[in-house]
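This document opens with one chain alone, in C-alpha cells, the form predicted alone.
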Amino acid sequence: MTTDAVNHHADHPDFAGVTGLLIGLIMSLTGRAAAHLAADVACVSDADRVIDVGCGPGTAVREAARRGAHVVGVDPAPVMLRLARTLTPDRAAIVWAQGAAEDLPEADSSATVVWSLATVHHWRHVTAGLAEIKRVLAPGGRFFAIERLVRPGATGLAGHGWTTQQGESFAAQCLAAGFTNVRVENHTPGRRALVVVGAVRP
C-alpha cells in the first residue's frame, strides 16, 4: 500500500485498552470543529437519520442529535463505544453499534445521511465500504467524508489524513461506486484545514 492510497493507515491497530481510552478522550476534545462542520455541510435536521461510521467517542453523533436527528454511532472498537456512551446524556434518539464501514449493522435505505470523520484513511477496504454506505443510504441520501488536510510525504501522526490528491482520488472512487453530485472542498472550521468529499446516493 502506498502513501497515495486513501486508506493508507488501514493496517493501523484497532484502538483498545488504556491507550484507546486516552486517544478517545483526546478525540472528544479535538473533534468538535469537524463535528460542527459535518452537521453544517449535511444540513442535518430533525427530518434526518444519520449514521456516523467510525464514530469514536461520539462527538459528531451528539452534534447531530442536538439538531434533532436520529443517529446511529458505529465503531469497530468497544472501548470507543463505551466512552461514547459515558460521554453522552441519555438520549432516545441515539443508538450505538459495533461495526465497520465494510459491514454496517443497518438496514438497506435506512439513512438520509452517512458521514465518516477522520476514519476513511483507516478503512480496511474502500470499495466495500462505499458499497455498504450506498446500501444503507436512501435514494437522495447524502454522504460526507471529512479528513484532515496533510502535507504530501507526512509520516506518523502528521500523516493521519489526506493530501489534496488523496481527497480527489476518494472522490473518483465515489463516482466509480455509483454516487452522484460528488464534490471536493477544503474547509478550516478550526485551527486545522479539512478536506470534505460530499456525494449523493442516486
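Start at 1 and count along the sequence shown; that's the residue number. Not measured: the values here are computed from a predicted model.
Only in words, not in the display: the form predicted together with a small molecule, which the text now covers.
> Taking 4.5 Å between heavy atoms as the contact cutoff, choose which of Gly161, Gly167, Gly141, Gly54 touches the small molecule in the predicted bound form.
Exactly one listed residue reaches within 4.5 Å, namely Gly54.
> 65 to 73, 46 to 54, 132 to 140, 170 to 178: which one contacts the small molecule in the predicted bound form at 4.5 Å, heavy atom to heavy atom?
Only one stretch qualifies here: 46 to 54.
> Can any non-hydrogen atom of Ile94 be found within 4.5 angstroms of the small molecule in the predicted bound form?
Answer no; every heavy atom of Ile94 is more than 4.5 Å from the small molecule in the predicted bound form.
> With the partner left out of view, is Arg82 within 4.5 angstroms of the small molecule in the predicted bound form by any non-hydrogen atom?
Judged by the heavy-atom cut-off of 4.5 Å, Arg82 is well away from the small molecule in the predicted bound form.
> I'd like to know whether Thr112 contacts the small molecule in the predicted bound form, with contact meaning heavy atoms within 4.5 angstroms.
Taking the distances in the predicted bound form, the answer for Thr112 is no, it never comes within 4.5 Å of the small molecule.
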